[in-house]
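Next up: just one chain, as structure tokens, the form predicted on its own.
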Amino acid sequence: MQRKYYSITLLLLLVVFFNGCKEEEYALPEAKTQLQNECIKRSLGPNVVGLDLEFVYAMALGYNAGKITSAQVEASIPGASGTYLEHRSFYTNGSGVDVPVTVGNPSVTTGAKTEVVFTKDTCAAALRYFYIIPEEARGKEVTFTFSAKASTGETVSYKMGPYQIAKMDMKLDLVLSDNNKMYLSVADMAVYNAAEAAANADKIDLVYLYRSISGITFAHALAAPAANPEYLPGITLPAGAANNTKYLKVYGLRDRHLARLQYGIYVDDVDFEKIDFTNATNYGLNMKVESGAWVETADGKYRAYIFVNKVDNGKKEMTVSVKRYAMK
């Protein structure tokens, strides 16, 4: 009797299981006809003043339901000159190439608002927005409100952010040359010749020189004015140039903003705060392409990351790009 009871129970469970697993008939979902929107941020890495934040704003209305009449973006802090919203919509063809299609007039920016008025009868578009980060946003957060209007009277909006804007500064492609523009000022983010350095002696943080010395791999070098004279052979410093700059040589830190190479590495504000200069020297010899250095000014006011973009032995030149962070 017990075995018969178990058999009946198992049969009932199997019937319930197979009935529950019966596949439901599939029906195509109905397409939405109301105005919709979506947005993505395309730019990567720290948000540095002078660079752009890039977005793609997509909007769509049901086919034959009407047309899109305008799109706009409002930033919480007005963008710098050059901020714009594309008046062309892009699609990717079979070869993976982005193809533009003009849908409206070039954008007009008034204060914090940037708008495109549509001239093409279209029910869908994807517009790119480039926000040039202004000085006013340094160290602050910025948000964006994207919105679109349709001939049906519908409106939609999409909020993005907040995005933290970095405190750091950046300067690209400073050319240092032996016996000419050989003095580097982190404080001024500039390179000086001897006469200019003499007028800014207290701001000279590093001296560039190229030497080919038998038995020593010296080559392209950077040294603090206060470094041992053996690291500044043949150099007569301007009167008053005496800063003892801390220097940490590194290789492989190819910051994408500075290097503009394919590597997805970025130096951010927090990196400057955390770098440990305990074992720092005040010079770096044999600097090579794609090498770099963390430096701290003698007064502790600034820290910087210096990246070597190019060296030229014949011209005795070295091209560097710099990110600088104010510690005080």
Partner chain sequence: MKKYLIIPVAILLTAWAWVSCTDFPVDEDGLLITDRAECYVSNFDLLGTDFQTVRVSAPTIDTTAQTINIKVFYGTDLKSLWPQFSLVTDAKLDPKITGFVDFSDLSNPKKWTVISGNRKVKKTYTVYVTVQEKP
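Numbering follows the first chain given and starts at 1. None of the values given here were measured: they were computed from a predicted structure.
What comes next is about the form predicted in complex with its partner chain, which is not displayed.
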In this chain shown alone, the residue from Arg256, Arg138, Lys113, Lys249 with a heavy atom within 4.5 Å of its partner chain in the predicted complex is Lys249
As a check of understanding, the residue in Asn64, Asn279, Gln34, Gln262 with any heavy atom within 4.5 Å of its partner chain in the predicted complex should be identified as Asn279
Just checking whether Ala58 would be counted as a contact of its partner chain in the predicted complex - the rule being heavy atoms within 4.5 angstroms. no
With heavy atoms only and a cut-off of 4.5 Å, decide whether Phe146 touches its partner chain in the predicted complex. no
Just checking whether Phe218 would be counted as a contact of its partner chain in the predicted complex - the rule being heavy atoms within 4.5 angstroms. yes
Does any part of Ser95 reach within 4.5 Å of its partner chain in the predicted complex? Heavy atoms only, please. no
Heavy atoms, 4.5 Å, its partner chain in the predicted complex: which of 195-203, 225-233, 114-122, 148-156 makes the cut? Say which one. 225-233
If you look in the predicted complex, which residues in 281-320 sit within 4.5 Å of its partner chain (heavy atoms)? Thr281, Tyr283, Leu285
